[in-house]
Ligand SMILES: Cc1cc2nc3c(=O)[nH]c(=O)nc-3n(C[C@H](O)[C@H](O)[C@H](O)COP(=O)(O)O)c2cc1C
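Next up: a single chain in structure tokens, the form predicted alone.
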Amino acid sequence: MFANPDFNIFHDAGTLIVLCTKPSSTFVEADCWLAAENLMLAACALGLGSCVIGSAVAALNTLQIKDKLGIPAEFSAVVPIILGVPNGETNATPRNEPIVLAQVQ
């Protein structure tokens, strides 16, 4: 898929937001994911579409791309999110039934 020259990893979205962190404690990446969730919920409330593009993380953490985007070398890209105005209705994604490992009585 990535070798296809017509593949557009960011799906022609109007905006790319990259949440980054400077590793400093155990939970900084978790904080980025929590911020991403809030950002995406706010975008939805405003009628915008959003999607995490996890397959772009490795490329975003190369020095060449960091330099191009102005991300300092000591920071790590954690969550790339695209935002844009939806083209129309999006079908619900099918979900697997959850696996319950234990139930507390």
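C-alpha atoms forming the largest set that superposes within 1.5 Å between two forms make up the rigid core. Numbering starts at 1 and follows the sequence shown. Because the structure is a prediction, the values reported are computed rather than measured.
Although it is not shown, the form predicted together with this ligand is what the next lines describe.
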Are any of the heavy atoms in Lys22 no more than 4.5 Å from a heavy atom of this ligand in the model of the complex?
no
Within a 4.5 Å heavy atom cut-off, is Phe75 in contact with this ligand in the model of the complex?
no
So, Thr93 and this ligand: in the model of the complex, are they within 4.5 Å at any heavy atom pair?
yes
Given that this ligand is not shown alongside this chain, does Ser55 nevertheless sit within 4.5 Å of it in the model of the complex, heavy atom to heavy atom?
yes
Of Ile71, Cys51, Ala36, Ala43, the one that lies within 4.5 Å of this ligand in the model of the complex (heavy atoms)
Cys51
Within 10-28, which residues have a heavy atom closer than or equal to 4.5 Å from this ligand in the model of the complex?
His11
Shift of Gly88 between the shown form and the other one at or above 2 Å (CA, core fit)
no
